[in-house]
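So this first bit is one chain, no partners, the form predicted on its own, shown in structure tokens.
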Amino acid sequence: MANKLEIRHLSQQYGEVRALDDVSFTLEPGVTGLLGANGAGKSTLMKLMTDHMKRTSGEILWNGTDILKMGKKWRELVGYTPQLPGLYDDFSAKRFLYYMGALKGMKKKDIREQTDQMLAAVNLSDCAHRKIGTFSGGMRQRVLLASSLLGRPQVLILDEPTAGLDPEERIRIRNDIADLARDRIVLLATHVVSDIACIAQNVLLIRKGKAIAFDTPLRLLENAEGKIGEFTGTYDEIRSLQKQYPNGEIAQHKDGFVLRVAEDPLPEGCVPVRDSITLEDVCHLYLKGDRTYG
């Protein structure tokens, strides 16, 4: 039977601010993309799921047992890569993993064995003895990913693992994550929608502390049909229209300039898009009005 992580009616209050409001969803092996504006509650959700914060109310169940009852055993099942963590530039990749394994309380034999295995899993075996300070941004992220795999966790929670990477490095990290998700639960928070568009089995959209959508990418795309459209005109006409639809995106096509908008219903004169709806469009539809999402 596949492992299951259930979030039931989870809420978190900071004084008068409700960071999470009655959030419920279920994760099973595979990648779930987590998207939402800055301040939507994503970081709070991840901290609660890793037991780094005391929740206000609700349940987080691992195969039917609340993680609060599991304590250390739960933390041993979770690998977590926070956003912008520090690295020791004078450490080699191998030494850093040894250090992280020791912090996790692993046995020396297991640390030695798994360090080589996890560096191989993220394609860093040839760089194991190089100092981290000489690594590119993508290589540094792969070191962090390898460290989160120590102890062979069943749940991986990754906060912006591709932040600041060039396109080639981002693709490599994305492929690594897809491979790792074959037999474990992965929750991936990102501002780059394309990072999850091709590897996520499910997408969770959070807005102002509420889970407003949780579904497969295909069903989210189907639900957006008839709600994504385009205006075509001269540059000046399109720029004028953008004042009415500030979240619309301008592009230049052979027939002129285009403003792509996500509205329900679509405004008069806006031609529905039929065959090229993207997950980015879905985000504009559900999260419009928020400054940034991901």
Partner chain sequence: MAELRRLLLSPKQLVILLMLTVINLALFASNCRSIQENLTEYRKVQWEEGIDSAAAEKKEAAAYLKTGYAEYLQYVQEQSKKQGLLGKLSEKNSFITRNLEKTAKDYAKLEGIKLTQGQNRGLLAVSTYTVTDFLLLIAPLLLAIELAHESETAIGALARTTKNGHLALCIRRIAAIALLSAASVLCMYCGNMLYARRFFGSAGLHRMLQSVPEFQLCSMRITIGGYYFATAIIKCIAVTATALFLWIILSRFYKILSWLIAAPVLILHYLTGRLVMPTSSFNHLRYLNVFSALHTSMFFKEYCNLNWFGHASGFFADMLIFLILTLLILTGLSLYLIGHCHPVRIGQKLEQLKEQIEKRMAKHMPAYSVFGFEGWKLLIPQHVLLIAAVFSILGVFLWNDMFLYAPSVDTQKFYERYSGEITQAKIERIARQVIGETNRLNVEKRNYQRNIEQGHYQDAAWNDEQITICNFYLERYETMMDEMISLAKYKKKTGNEAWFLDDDTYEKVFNENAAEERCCLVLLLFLILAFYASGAFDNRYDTRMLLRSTKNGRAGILTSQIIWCAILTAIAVTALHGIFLLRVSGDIGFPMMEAPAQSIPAFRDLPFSVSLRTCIIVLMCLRFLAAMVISGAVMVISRFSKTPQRALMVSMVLLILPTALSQSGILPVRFLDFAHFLSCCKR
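Between two forms, the rigid core is defined as the largest C-alpha subset superposing within 1.5 Å. Small disclaimer: the values here were computed from a predicted structure and weren't measured. Positions refer to the first chain, counted from 1.
One more form of this protein, predicted in complex with its partner chain, exists but is not displayed; see below.
ask   = So which stretch, 49-57, 230-238, 261-269, 244-252, is the one near its partner chain in the model of the complex (non-hydrogen atoms, 4.5 Å)?
value = This holds for exactly one stretch, 49-57.
inquiry  = Test of understanding: in the model of the complex, would Thr134 fall inside 4.5 Å of its partner chain by heavy atoms?
reply    = Yes.
ask   = Do Gly209 and its partner chain share at least one heavy atom pair within 4.5 Å in the model of the complex?
value = Judged by the heavy-atom cut-off of 4.5 Å, Gly209 is well away from its partner chain in the model of the complex.
ask   = Taking heavy atoms and a 4.5 Å cut-off, does Leu103 contact its partner chain in the model of the complex?
value = Judged by the heavy-atom cut-off of 4.5 Å, Leu103 is in contact with its partner chain in the model of the complex.
request  = May I ask you to state whether Lys94 is within 4.5 Å of its partner chain in the model of the complex, using heavy atom distances?
outcome  = Answer yes; at least one heavy atom of Lys94 falls within 4.5 Å of its partner chain in the model of the complex.
ask   = Judged by heavy atoms and a 4.5 Å cut-off, are His9, Phe25 and Asp66 together in contact with its partner chain in the model of the complex?
value = Judged in the model of the complex, none of His9, Phe25 and Asp66 sits within 4.5 Å of its partner chain.
message = Please tell me which of Gly138, Pro217, Pro153, Pro82 lies within 4.5 Å of its partner chain in the model of the complex, judged by heavy atoms.
response = Residue within 4.5 Å of the partner: Pro82.
ask   = Taking its partner chain in the model of the complex as the reference, which of Asp89, Asp179, Glu222, Asp166 has a non-hydrogen atom within 4.5 Å?
value = It is Asp89.
inquiry  = Core superposed first: is there a CA shift of 2 Å or greater at Arg170 between this form and the one not shown?
reply    = No, the C-alpha position differs by under 2 Å between this form and the one not shown.
task = Please say whether, between this form and the one not shown, the C-alpha of Glu222 moves by 2 Å or more once the core is aligned.
result = Glu222: C-alpha displaced by less than 2 Å between this form and the one not shown.
ask   = Is Asp183 one of the residues whose C-alpha moves 2 Å or more between this form and the one not shown after the core fit?
value = Superposed on the core, Asp183 moves its C-alpha less than 2 Å between this form and the one not shown.
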